[in-house]
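Have a look below at one chain only, the form predicted on its own, in structure tokens format.
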Amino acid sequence: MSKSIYEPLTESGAVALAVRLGLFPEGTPLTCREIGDGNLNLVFHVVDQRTGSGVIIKQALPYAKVVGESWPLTLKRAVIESNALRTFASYVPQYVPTVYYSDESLAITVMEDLSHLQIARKGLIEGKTFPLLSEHIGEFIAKTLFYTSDFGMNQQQKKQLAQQFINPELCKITEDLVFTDPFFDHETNNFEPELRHDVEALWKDEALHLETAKLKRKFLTEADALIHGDLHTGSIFASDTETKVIDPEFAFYGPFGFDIGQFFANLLLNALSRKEHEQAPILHHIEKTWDVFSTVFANLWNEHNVEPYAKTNGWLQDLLHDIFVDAVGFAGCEVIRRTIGLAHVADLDGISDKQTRLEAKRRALQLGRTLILQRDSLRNTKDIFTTFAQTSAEGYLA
């Protein structure tokens, strides 16, 4: 990629690009706003003033906005994202936005406008339930994982596909911010002074470090399938009837359980922000996600498996067990990092009462620790809910 021709888009530049690509009839009155609220990209919403129809133009920045130009990032992630969306669309087109155009040199992806939907995290914080969210995400994860794995495609084709998704720079972000920095006294960590006692206990917790190191090794070494890599509730648009997964710029060939764990964790963080009598719909989403995932994955296994050993008695059950255990552990890492690491979630940070917020974060640290340490003994989602209910606001080791 030639860096000399890359330059960040402006709102007027985004409009000019939309016109040049023929996405709107000539002479269409267009408006444009930069609406990106993430850390890594510019996002422009170009709209036809007469009809209200629009497109999204997303451009990768060569640095992380949360830090600035001192944290450089590869622009190749825009290609990773557009390729991942197209790959996912070949299996679950109903759950991803349509990609209209991509430009590697400018790190641009032009895609379907999803402004009629709401970011799931925002809606859940507002108290919405999105009744089909877990059914859709369970199916999305099951089909994308199965069909891009050694069970759903020719193993040689899988290796060739994996080459397209070598993503070391963004994997390094996850390796550091999810699996490493929060567990040590690192400058990227960010937490309230009142939590220091709990955080320092976590930093000294050798048992936790050992189990987290095992999970990090899985992330580093297990190339099971093409995973989204950052599947939290802020990477999903939703309504009562529709779900769209966005932002797969962290996509790579990784462990089966990672996306499920990330999704579980962010639902648990939302549940922690709610009063007890308001938690049931969120916990139901966790249960439903796993039920749909395991059912769809098993059906695909039985009907479309290309692996000769697939019909070996017990293998599917063992694999689903391993995926669940890994998902629980990955969820624990995500819960902890979203509480004291660099990038927080509005679910917890948005709790207005300080004492309530601190209690929720103490519970999050304890929950994350328990999910990591006890993942092998948690057999199903009901065991997760029992663990969730037993967390205490008294402190990290309570």
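Numbering starts at 1 and runs along the sequence shown. In this text, all values refer to a predicted model and were calculated from it rather than measured experimentally.
Omitted from view is the form predicted together with a small molecule, to which the following refers.
Worksheet item: Within 4.5 Å of the small molecule in the predicted bound form, heavy atoms considered, which of E287, E242, E222, D113?
Response: When the small molecule is considered in the predicted bound form, the option within 4.5 Å is D113.
Worksheet entry | One residue of I119, L208, L215, I323 in contact with the small molecule, assessed in the predicted bound form (non-hydrogen atom, 4.5 angstroms) | Contact check passes for I119.
Discussion item. Taking the small molecule as it sits in the predicted bound form, is E139 in contact with it (heavy atom to heavy atom, 4.5 Å or less)?
Written reply: No, no contact at 4.5 Å.
Practice prompt. Give a yes/no on whether I246 approaches the small molecule to within 4.5 Å in the predicted bound form, heavy atoms considered.
Written response: I246: contacts the small molecule in the predicted bound form.
Discussion item. Can you tell me if D37 lies within 4.5 angstroms of the small molecule in the predicted bound form, counting non-hydrogen atoms only?
Written reply: Flag for D37 set to yes.
Worksheet item: Would V43 count as a contact of the small molecule in the predicted bound form, using a 4.5 angstroms cut-off between non-hydrogen atoms?
Response: Taking the distances in the predicted bound form, the answer for V43 is yes, it comes within 4.5 Å of the small molecule.
Worksheet item: Where, among 24-32, 53-61, 365-373, 346-354, do residues come within 4.5 Å of the small molecule in the predicted bound form by heavy atom distance?
Response: Correct option: 53-61.
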